[in-house]
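Form predicted alone, single chain, as structure tokens, below.
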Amino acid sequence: MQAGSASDGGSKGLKLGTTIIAIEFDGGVVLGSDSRVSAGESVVNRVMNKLSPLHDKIYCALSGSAADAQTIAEIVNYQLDVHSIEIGRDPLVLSAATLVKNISYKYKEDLSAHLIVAGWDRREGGQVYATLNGLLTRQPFAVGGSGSFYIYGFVDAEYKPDMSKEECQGFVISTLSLAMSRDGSSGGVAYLVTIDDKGVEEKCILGSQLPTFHDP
């Protein structure tokens, strides 16, 4: 994830610099991210939590410009609060993803941000949605950020349908660890959020506690 500055015109022209991932399991979802925020060649924040709540059981994973991504998350969080009051119950994950998609598409020429939306609702259970530049697609798992280029082969090989909650948590941790060891824009600690019908569990895994991958 990149921090905008006056010299680069804010968020324009900034590349995605992070690793984010979300995966569905039977009854919920697991989201994960690294914690490094950079401005050019400098690391400006080593421990930013890029997993932002949109509602009680709906989170998003942020990548791109830190300012742009956080602004989208805050706007959607407010809109979902109002929406839940109007309908008298918790919003659907699809509603949250649609709001993110609409903002991303409307301001695609001005914003540099990609959000993965994931959560649990009473209708569909655990869901993961990708929302890049107005795209809206539900997937069993999704990855994003600059670190994702290093892990596509790994996730394709290691992903198995119908994994348990614990297997999904291990899958996310291993994926983040591999990306953080390969991608210079990803690093710090790993943040993990698990969401199911019982609630939300947040966890921070220190770099020293992550699995190690060695070059051949």
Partner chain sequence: MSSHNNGWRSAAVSTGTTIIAVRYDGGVVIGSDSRASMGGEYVSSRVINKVVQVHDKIFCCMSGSLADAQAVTNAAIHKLNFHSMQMGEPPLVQSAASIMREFCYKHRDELSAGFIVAGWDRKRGPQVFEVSLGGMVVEQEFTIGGSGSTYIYGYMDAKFKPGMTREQCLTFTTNAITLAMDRDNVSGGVVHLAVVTESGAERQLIPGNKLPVFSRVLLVNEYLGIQVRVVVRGNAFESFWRAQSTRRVVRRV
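Note that the coordinates shown come from a computational prediction; the quantities given were computed from them, not determined experimentally. Positions refer to the first chain, counted from 1.
What comes next is about the form predicted in complex with the partner chain, which does not appear here.
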Stretch from 92-100, 76-84, 140-148, 108-116 whose residues place a heavy atom within 4.5 Å of the partner chain in the predicted bound form: 140-148
In the predicted bound form, residue 158 touching the partner chain (heavy atom, 4.5 Å): yes
Distance check, residue 169 to the partner chain in the predicted bound form, heavy atom within 4.5 Å: no
Partner contact for residue 165 in the predicted bound form: the partner chain, 4.5 angstroms, heavy atom: no
Distance check, residue 178 to the partner chain in the predicted bound form, heavy atom within 4.5 Å: yes
